[in-house]
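Next up: a single chain in structure tokens, the form predicted alone.
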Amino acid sequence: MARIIVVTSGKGGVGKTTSSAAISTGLAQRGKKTVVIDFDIGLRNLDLIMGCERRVVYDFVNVINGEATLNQALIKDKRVENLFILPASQTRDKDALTKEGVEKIINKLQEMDFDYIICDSPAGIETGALMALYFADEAIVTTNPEVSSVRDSDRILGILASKSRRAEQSLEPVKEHLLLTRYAPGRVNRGDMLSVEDVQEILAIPLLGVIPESQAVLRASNSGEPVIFDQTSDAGQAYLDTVARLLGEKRDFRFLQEEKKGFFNRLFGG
């Protein structure tokens, strides 16, 4: 059975879609048959970050409504074997998603022998977000190290514990992971940002990854390349570590300390 993982947060702009793209790509690179689903009906972005926006013909809602088959809507990634994208609709209302419709798609994907189904959730707690987390076995709760973002993520943890299918059916709870994005050790040291320990203390869930603030993320998004491909960047390496931990491997947490600049860097302002 596929592991169904929702990438979620309470607040917008924390890097959920960037993380969904990077993690699903990383899993496929490791030989896992992976599909990533965009649940952000009306504001489709995953296809842009995955670099396949021109290949979208049918979408998630078309399949739910019986206007296309799942095979017609799934986009096979050209760079990585085993990676597929199911785009969202840009023209439908968010209420186009129903539990019955989403369950039908999830069940069909299970029959197609996927190892991982990654659900890229929109921000907040409206229909798309609730649908994305309802069927999850695991949740990657994505947050920036700032109070409002962490508080909103805490609310999402409450919803996972009460409104998911696992909660409704009194099954084992959704397995929760913390992904901390846009982390800047220098700002933490100046007291401008919460530390990893601060966030862990508030949310009290296991740490999966810490993604440093990096221009590479913006460059990758603009070029339609998941940042995990940029293995020279700190962010790309941090996502590789995150995927490894998701697969059960032990990896040290890097990029938690401010990089000390050498003499020539300081001298020439590098």
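Don't overthink the numbering: it's just position in the shown sequence, from 1. Just so you know, these numbers come straight off a predicted model, no measurement behind them.
Absent from the display: the form predicted together with a small molecule. The rest refers to it.
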item	value
Which of 22 to 30, 59 to 67, 241 to 249, 210 to 218 lines the interface with the small molecule in the predicted bound form (heavy atom within 4.5 Å)	210 to 218
Proximity to the small molecule in the predicted bound form, single hit among 75, 80, 123, 106 (heavy atom within 4.5 Å)	123
Contact test in the predicted bound form: residue 40 vs the small molecule, heavy atoms, 4.5 Å	yes
Any non-hydrogen atom of residue 166 within 4.5 angstroms of the small molecule in the predicted bound form	no
In the predicted bound form, residue 182 touching the small molecule (heavy atom, 4.5 Å)	yes
